[in-house]
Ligand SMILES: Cc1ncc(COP(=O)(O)O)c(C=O)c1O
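We begin with a single chain expressed as structure tokens, specifically the form predicted on its own.
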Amino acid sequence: MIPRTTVDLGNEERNAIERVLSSGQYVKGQEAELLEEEFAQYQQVEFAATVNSGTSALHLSLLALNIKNGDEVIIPPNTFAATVNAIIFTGAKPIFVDINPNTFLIDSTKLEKKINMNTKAIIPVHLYGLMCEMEKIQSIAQKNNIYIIEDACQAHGAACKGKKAGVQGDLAAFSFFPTKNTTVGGDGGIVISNNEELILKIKALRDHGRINGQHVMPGLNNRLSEILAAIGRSHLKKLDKYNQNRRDLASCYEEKLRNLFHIELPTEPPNFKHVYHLYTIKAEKRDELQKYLKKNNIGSSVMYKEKLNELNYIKEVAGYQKMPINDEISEKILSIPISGTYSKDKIRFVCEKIIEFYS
């Protein structure tokens, strides 16, 4: 069966695990520190702090910015629940801004209407491997004196005008979950910034509120293990190669499916570099197509089938917020197979079955 995505962990990662086992240092060691240095260098930022998940990266970023009860944080409705859950756990209120129908990302033209005196931050989500319009969002944030936390959990290596995802906010959160473009082989995450004070605060928050061994604030246990950090260091070296393969496979999809009027393919706006964490199409008869693909041993996913603005626990905190474009698109989107390790033959097979279904 062709799954939606896969991860390649090989001899290099096994050697990295052996290195940690031989050292006997399993937490708070050199591997996590080196991963911070190497990921910051890759991103071309000054500072980074590893954590135990992308969710923790978002949560601690909010805490570091003193987001609290009574504050409002703007997000798109088309994202994984971790984005909104991180806000709720600070006591703040999530405010949704509907999405652009072409990119499926937060619509920057609707952003400013949702800003008020309680708005403290915007979390633009770089979804599926495509960056949001950060220049516009950055301008709006600066004008209104509010923070930006980039949710770049699906955008490792994505860029716009040469600037990588994660470098234009006050903080940016990345996930290293096994399905991501680069991974630690388990749950893991990292926060990056050019603000050293914020990163030092996150390093304290992830370690029971300690700085230099002294407890100076309330904190959590959100550290990244040394074994996972070592795997992450190894896998990071493959990121650009795997991203290029994803882009090549996306070109294969474009070549085979662009004339099929039953579906709309993902867009890559001018000056943007899409890294196709997911290859997400809009499809007529979406559910029937998914069943047909499954019948032919092809995995696919609806990301995200649950509409966040309609979940009861979110409505209790933020009230019901109608999101007409997201509601419409959520009935049509389907993520079909793509991976840094797939061959074009696999993609051609998927295309054949999609064409076969609609014919």
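Here the structure is a predicted model, which means the values were calculated and not measured. Each residue number is its position in the shown sequence, starting from 1.
Not on display, but discussed next: the form predicted in complex with this ligand.
Note that among 75 to 83, 261 to 269, 110 to 118, 97 to 105, the stretch whose heavy atoms approach this ligand to within 4.5 Å in the predicted bound form is 75 to 83. The closest non-hydrogen atom of Gln154 lies within 4.5 Å of this ligand in the predicted bound form. Of the heavy atoms in Thr55, some are within 4.5 Å of this ligand in the predicted bound form.
Residue contact with this ligand in the predicted bound form: Gly232 places no heavy atom within 4.5 Å of it. Residue contact with this ligand in the predicted bound form: Lys180 places a heavy atom within 4.5 Å of it.
Among Leu249, Val125, Ala141, Leu130, the residue placing a heavy atom within 4.5 Å of this ligand in the predicted bound form is Val125. A heavy atom within 4.5 Å of this ligand in the predicted bound form is found for one listed residue only; from Tyr292, Tyr42, Phe47, Tyr304, this is Tyr304.
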